[in-house]
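Take a look at this one chain, the form predicted alone, written out in structure tokens.
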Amino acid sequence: MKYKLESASLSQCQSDLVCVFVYSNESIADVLKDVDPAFGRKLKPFVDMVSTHATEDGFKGKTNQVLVLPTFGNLTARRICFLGVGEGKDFTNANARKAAATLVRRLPGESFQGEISIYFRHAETGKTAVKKAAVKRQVKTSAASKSADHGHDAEIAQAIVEGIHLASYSFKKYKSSKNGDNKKEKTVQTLGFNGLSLSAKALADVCAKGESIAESTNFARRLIAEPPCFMTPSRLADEARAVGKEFGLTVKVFDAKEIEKMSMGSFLGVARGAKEPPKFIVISYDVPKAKRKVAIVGKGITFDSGGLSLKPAQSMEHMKYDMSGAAAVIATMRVVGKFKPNFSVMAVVAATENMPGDNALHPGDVIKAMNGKTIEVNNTDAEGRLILADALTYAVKQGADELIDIATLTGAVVTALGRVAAGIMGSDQNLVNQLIESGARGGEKLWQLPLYDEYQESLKSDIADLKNAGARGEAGSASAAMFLKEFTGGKSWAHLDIAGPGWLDRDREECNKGGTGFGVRTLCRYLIG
């Protein structure tokens, strides 16, 4: 997609579709005159017609309301779109991202291929009136205020780009053309921006970042969407190698024998029941003499049957998404490799299936983790924490200063937070706060859950150092996180339980039905800003 600063007035813009942001209860006539004075003069009959249609259609600028109309030759553009973004005082970049996604889903025709120009208007806090773009202001503004406007507008532009790319994603690899699914996808070829106080270079920079993050999220979605018979641990390793080759990163893939040599008994215990061989994947971006090294650790269960603690059929239906954490960290490394932060980053993925094969873990088995701790397995369906235990230990041994693990870890977090937010817990409140803020900027909600010392009691075993599943039905997400904490080596650590928002049963805003790639935007915002 190409991006540009739109210099033409709305009435003279030559794009296929011009789009205007409208805040709640604004008059369409006032909005159009605010954007282009021509609408108050020679184009007044067109404005009256559009205003009448908006009233009859019930368009009031509410969030996600869309009104697309032909211009009947009154404008240079063929169509005009009014996009509701809600109350001005509540407007954030998340609203812009959602609005852009809504726009893509409502593009006219079955296969829109063309140029869109967005005419953005800033909302005055607490008022329904609007203020003109900063480049047109007549008032003098302090340097600090200009910087704030620039930063705000950069966030808005990036969010719009992300929303368009995220909502444009689809996975039709296995659709048969005879079912009519071979028609052209709707594509925005050029996106113009008017009303943002950004230079052409600044706009290009933020659009490139937004596109990279969104495309990497879609990359993660593709990995999750593939059937588990295809996206095996070996295939996931191949995807990691491809990322390394494309973005100049170092990739190491360890097989079962090498994993055994590293004493990863916890990881290998889970892998025992599967015919597919396990893979331990490490992607590294190294900065010489860096004073900081961040490890992002992803759960890579490419299919989870529950093992001998077998899941019921309905609970197993979408378990190909149990490698969403792995998909997120591999996808994030694409962005790290492109934008190259000034510190080192490593992605660590323990990849295996969790199957009830003839050599599978029994409930009651004791295994030994890489850090020497013994674990009584009282539930083979609590396998994610077992593979993450060795992955976290590996990251510690490799000198990571910060640990961030991301996993579809517990059903309990879905009960607590639904599919709206991920749970976040950790040992470093500053790191947790930064991740929550990064998630908010990226449009991903994180809600902190407590890690009280009392939760440790449920992990005590009579015959080993720990048991892998704590008190059933009580603080399941926190108990799982307390288990993981035992393998963080006292490092700064945060844990994201994405079991809820990692999968959706219907399209929602910028997220498509199925695997969402949740966590990529949060991690990217944290690592590259």
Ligand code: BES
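Given the structure is predicted, the values throughout are model-derived calculations rather than measurements. For every residue, the number given is its place in the sequence shown, counted from 1.
There is also a form predicted in complex with the ligand; it is not shown, and the following applies to it.
Asker: Choose from 226 to 234, 78 to 86, 296 to 304, 393 to 401 the stretch whose residues reach within 4.5 Å of the ligand in the predicted complex, heavy atoms counted.
Answerer: One stretch meets the cut-off, namely 296 to 304.
Asker: Exactly one of 491, 53, 460, 472 has a non-hydrogen atom within 4.5 Å of the ligand in the predicted complex; which residue is it?
Answerer: Looking at the other structure, the residue within range turns out to be 472.
Asker: Among 478, 32, 499, 484, which has at least one heavy atom within 4.5 Å of the ligand in the predicted complex?
Answerer: Result of the distance check: 499.
Asker: Is residue 239 a contact residue for the ligand in the predicted complex, using a 4.5 Å heavy atom cut-off?
Answerer: Heavy-atom contact with the ligand at 4.5 Å: absent for residue 239.
Asker: How about residue 322 - does it come within 4.5 Å of the ligand in the predicted complex, if we only consider non-hydrogen atoms?
Answerer: Output for residue 322 is yes: heavy atoms within 4.5 Å of the ligand.
Asker: Should residue 252 be counted as a contact of the ligand in the predicted complex, where contact means heavy atoms within 4.5 Å?
Answerer: It does not: once the ligand is placed as it appears in the predicted complex, residue 252 has no heavy atom within 4.5 Å of it.
Asker: According to a 4.5 angstroms non-hydrogen atom cut-off, is residue 382 in contact with the ligand in the predicted complex?
Answerer: So residue 382 counts as contacting the ligand.
Asker: Would you give me the residues of 393 to 413 that have any heavy atom within 4.5 Å of the ligand in the predicted complex, in order from first to last?
Answerer: The stretch 393 to 413, when checked against the ligand in the predicted complex, contributes 408, 409, 410, 411, 412 at the 4.5 Å heavy-atom cut-off.
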